[in-house]
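A lone chain, given as structure tokens: the form predicted on its own.
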């Protein structure tokens, strides 16, 4: 593994990949700083563009964007109380009050250092856990992979919280989409509605472009109409780098929040927002003497450290097992697929330079993010935030349509993009999350294929899943994840008893 990591560093530090990574981090910071845009949109738009690039160069651009965009969203969240990305919502709670106190630079400095700490922490987790998991996954057979997909799908229920029904609805829709196309067992077409374009299933990348790019543009247009008469005054940014005393004060929060972010990032479908809210809640409990929401540094530190800790750790299940950790990491499946690569343990065997350059890329991107983040915060933030969002919307729509069409030079892909853009917009209006839909769509095909292969091996007996220790353990874990929300609801249900007159 050490030799392969050194190989990854050798690839990343070559001139073109290094420039691509630097470019990706810069684009990610700028995109994150633009309200309404996020890493999902940018990745979805740029994935088709990487088709003609060297895989190492294309992957470095996407890695840089993914790392930096999550942090970039904190800039407008702190300066204007407008979250640049969904993951920056919690940052506004204490970031903007600090700006009102004249401490905008201090708040941006805390966000920058916290994001870099969380990002480096998660990149080290990716560096050492992903290759190990991939090596173990090479021992998997069809029963183990089937049980693994069940575990991944069960997290849709287990991590749902209050929105269990909505998560399950999104998951069922994703499974239905996964069934469209030719049956892997009989070769018979299913749910293609007489359209030959659907015989190979729903095109994955155009679907993601619509689900993130077009959906976000529709929401952005809605916000532009609502806020057309609102003028935001940009505050002045002074000193950014936090003092040694502040770093020492925030270190326990960074470690705790980074750990929470890494654990949740590794769990497929858990989501970045869960890590952020959980970290913020833990920070509140550990600092009961401070009034969070009034400009407490620990509030910013907890949210940003957890935010970026999820980034690289969400790539652990994707690279090692082929299961996306969240919606953003799922976009990397599309990026690898258009390069003719398949995420999972075979990637480490067949294309080790790609696998390890991605892993090392996350580590180096977080090192770049520190100085570039300070530069963007201090000098570029006010200019970036003055760009009219109407202009940005038109540019992004054009890029989305071009990217969807360019994948196979088919107008059908553009229609898929539009349809899923509308579906995503409706999902957001109904507060139905996107992640379960993407997760079950990706895992549905994998689950069906490995189930059929398992049935062939066992001659139709389901006992094969319990006879093999690893698949049995994975299925029991799945049962635990699936049952947890139902059990917790039963335990919270009040017990109704008749009043008893003790005197009688």
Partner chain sequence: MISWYVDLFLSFFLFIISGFVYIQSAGFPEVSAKFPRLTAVFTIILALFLMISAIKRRNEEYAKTDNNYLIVCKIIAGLIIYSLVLKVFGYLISTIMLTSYTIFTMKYSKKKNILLISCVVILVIYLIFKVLLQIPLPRGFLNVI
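If you superpose the two forms and keep the largest set of C-alpha atoms that fall within 1.5 Å, you have the rigid core. Since the structure is predicted, the reported quantities are computational estimates derived from the model, not experimental observations. Residue numbers count along the first chain shown, from 1.
Omitted from view is the form predicted together with its partner chain, to which the following refers.
Undergrad: Thinking of its partner chain in the predicted complex, which stretch from 471-479, 46-54, 26-34, 65-73 has heavy atoms inside 4.5 Å of it?
TA: Single hit among the candidates: 46-54.
Undergrad: For the three residues 293, 298 and 352, which mark the spot I'm curious about, does each lie within 4.5 Å of its partner chain in the predicted complex through at least one heavy atom?
TA: Not one of the three qualifies.
Undergrad: Since exactly one of 135, 223, 249, 342 fits, which has a heavy atom within 4.5 Å of its partner chain in the predicted complex?
TA: It is 223.
Undergrad: If you check 372, 347, 90, 432 against its partner chain in the predicted complex, which one has a heavy atom within 4.5 Å?
TA: That would be 432.
Undergrad: With the partner left out of view, is residue 183 within 4.5 angstroms of its partner chain in the predicted complex by any non-hydrogen atom?
TA: Yes, residue 183 is a contact residue.
Undergrad: I'd like to know if residue 398 sits close to its partner chain in the predicted complex, meaning any non-hydrogen atom pair within 4.5 angstroms.
TA: Flag for residue 398 set to yes.
Undergrad: Spell out, yes or no, whether the shortest heavy atom distance between residue 284 and its partner chain in the predicted complex is within 4.5 Å.
TA: No.
Undergrad: According to a 4.5 angstroms non-hydrogen atom cut-off, is residue 447 in contact with its partner chain in the predicted complex?
TA: So residue 447 counts as contacting its partner chain.
Undergrad: Residue 432: with the rigid core matched between the shown form and the other one, does its Cα shift 2 Å or more?
TA: Moves: yes, 2 Å or greater.
Undergrad: Indicate whether residue 197 shows a C-alpha shift of 2 Å or more between the shown form and the other one, with the rigid core used for the fit.
TA: Shift of 2 Å or more: yes.
Undergrad: Using the rigid core as the reference frame, would you say residue 281 shifts its C-alpha by 2 Å or more between the shown form and the other one?
TA: For residue 281, whose C-alpha is compared between the shown form and the other one after core superposition, the shift is less than 2 Å.
Undergrad: Having a change of 3 Å or more in the C-alpha distance between residue 186 and residue 346, I'd like to know whether it is closer or farther in the predicted complex than in the form here.
TA: Between the C-alphas of residue 346 and residue 186, the gap narrows in the predicted complex (3 Å or more compared with this form).
Undergrad: Answer with closer or farther for the CA-CA spacing of residue 346 and residue 185 in the predicted complex compared to the shown form; it moves by 3 Å or more.
TA: Between the C-alphas of residue 185 and residue 346, the gap narrows in the predicted complex (3 Å or more compared with this form).
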